[in-house]
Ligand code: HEM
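Shown next as structure tokens: one chain only, the form predicted alone.
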């Protein structure tokens, strides 16, 4: 039952995250008045929830031995490709994350943040959505036992 629960939460994070990062990208392309900023912050919050779900459940599944065992994953080149994609998503997120935190603080103070980089952050969000889709493809390949190097 616990395996099912963590696998389900991991997959639910996909739906939440893909929808959230796409919604964030779209919101960043719209006028960024007070209502527009609320839409950006709402989508961004759900993107953060998804990240916590993916990383948290993924680590439990990897380290906790709920799935195929750590040895399977560490010897699987598709797994390492998936982790490289995750790292790319996280690295791409650094600038938007820091900036959006600043925007939230400014908005709470009643100030209008400088949103000139919104278009750039929208583009980054679309790239992140594509990387998440590639991670899904990698997960499907791994689930079929592909990518594991034979034991030497």
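The model shown is predicted, which means the values in this text are computed figures rather than measured ones. Numbering follows the first chain given and starts at 1.
Keep in mind the form predicted together with this ligand is missing from the figure; the text below concerns it.
Put simply, residue 58 is close to this ligand in the predicted bound form: some heavy atom of it is within 4.5 Å. The shortest heavy atom separation between residue 130 and this ligand in the predicted bound form exceeds 4.5 Å. Not displayed here, this ligand is kept clear of residue 121 by more than 4.5 Å at the level of heavy atoms in the predicted bound form. In the predicted bound form, this ligand lies farther than 4.5 Å from every heavy atom of residue 25.
With this ligand left out of view, the stretch that reaches within 4.5 Å of it through heavy atoms in the predicted bound form is, among 38 to 46, 60 to 68, 106 to 114, 25 to 33, 60 to 68. Of all the residues from 6 to 34, those having a non-hydrogen atom no more than 4.5 Å from this ligand in the predicted bound form are 10, 11, 14.
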